[in-house]
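As a starting point, one isolated chain is supplied in structure tokens, in the form predicted alone.
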């Protein structure tokens, strides 16, 4: 059975309703009272969330609610923004990723990232996939070759790309480019895949292929996907977090969030009353 608890809030909007899914493998990421400011503007407010290992977690909510900001906090990509300030913790393996002395480059190797628009490098398909390994100094051809096949198979792209590995990645279709970016992300064997609206620039056929790929990768990786599409979240995710005005309002099993949410504001969003 799921356990429901109410986390205290003093923001006057609503308490977070948090459903702990039974039978999980434990937390891959544990977000604890996380706040974020850009200069004087606060973008995230007291967010707490356990992202379960091996599962697909979707973040949904209206535009500008903080989904991508929270996602980019998980591998510290927001560090690149001037005036950034945070409080709270994000725990991975019992260490705080914002703690003193954390190797941010090593952290990002554990957190593969896929962006809204495909962003292949202007180089061959082969070189795109092997880029993370070459950065780490791996040059042995047998290792690179094995990695290319493994990563492209993981991204359901091997059969389409195996005979054109030396061709430019820029000659691929948009959907193929996005799957190539996923292959590049998994080439270094990360623990977590972060996906920021990975289908927003794709047509329905390419979107279906990415969604099938996410399903195939479930269990191999912990996946966190930000999506503006509630139907996509319902199709691909195990758990869903609904965000509003920088706050996680409700988090639980996807089926519960979409069919029997505990918070009225969540129900209003998933039934289309606002958003």
Partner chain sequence: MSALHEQQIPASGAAGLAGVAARDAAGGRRVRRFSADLSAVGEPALWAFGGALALGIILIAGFLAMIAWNGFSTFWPKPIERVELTSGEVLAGVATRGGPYRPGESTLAQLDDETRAAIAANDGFASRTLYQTANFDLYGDDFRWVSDFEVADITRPEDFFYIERQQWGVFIGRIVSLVVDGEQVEITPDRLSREQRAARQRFTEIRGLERGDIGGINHLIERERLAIRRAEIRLGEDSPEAQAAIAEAQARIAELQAEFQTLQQRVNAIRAEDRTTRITFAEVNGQQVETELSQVVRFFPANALSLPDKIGIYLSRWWEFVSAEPREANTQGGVLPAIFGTVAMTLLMVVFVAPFGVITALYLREYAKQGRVTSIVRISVNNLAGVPSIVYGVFGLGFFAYAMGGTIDQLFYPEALPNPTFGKGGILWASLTLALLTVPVVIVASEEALQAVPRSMREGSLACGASKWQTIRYIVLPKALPGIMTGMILAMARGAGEVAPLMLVGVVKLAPALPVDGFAPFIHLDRSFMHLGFHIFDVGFQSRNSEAGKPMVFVTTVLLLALIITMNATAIYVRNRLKRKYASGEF
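Every value quoted in this text rests on a predicted model; they were computed, and no experiment measured them. Numbering follows the first chain given and starts at 1.
Missing here is the form predicted together with the partner chain; even so, the following discussion is about that form.
S.K.: Of the listed stretches (170-178, 140-148, 157-165, 84-92), which one has a non-hydrogen atom within 4.5 Å of the partner chain in the predicted complex?
M.R.: Answer to the contact question: 170-178.
S.K.: Just checking whether residue 205 would be counted as a contact of the partner chain in the predicted complex - the rule being heavy atoms within 4.5 angstroms.
M.R.: The answer is no: residue 205 has no heavy atom within 4.5 Å of the partner chain.
S.K.: With a 4.5 Å heavy atom cut-off, would you call residue 111 a contact of the partner chain in the predicted complex?
M.R.: Residue 111: yes, in contact with the partner chain in the predicted complex.
S.K.: Flag residue 122 as yes or no: does it have a non-hydrogen atom within 4.5 angstroms of any non-hydrogen atom of the partner chain in the predicted complex?
M.R.: Contact with the partner chain, yes.
S.K.: Is residue 126 a contact residue for the partner chain in the predicted complex, using a 4.5 Å heavy atom cut-off?
M.R.: Outside the cut-off, so no.
S.K.: Tell me whether 75, 131 and 135, taken together, all sit within 4.5 Å of the partner chain in the predicted complex, counting heavy atoms only.
M.R.: All of them do, each having a heavy atom within 4.5 Å of the partner.
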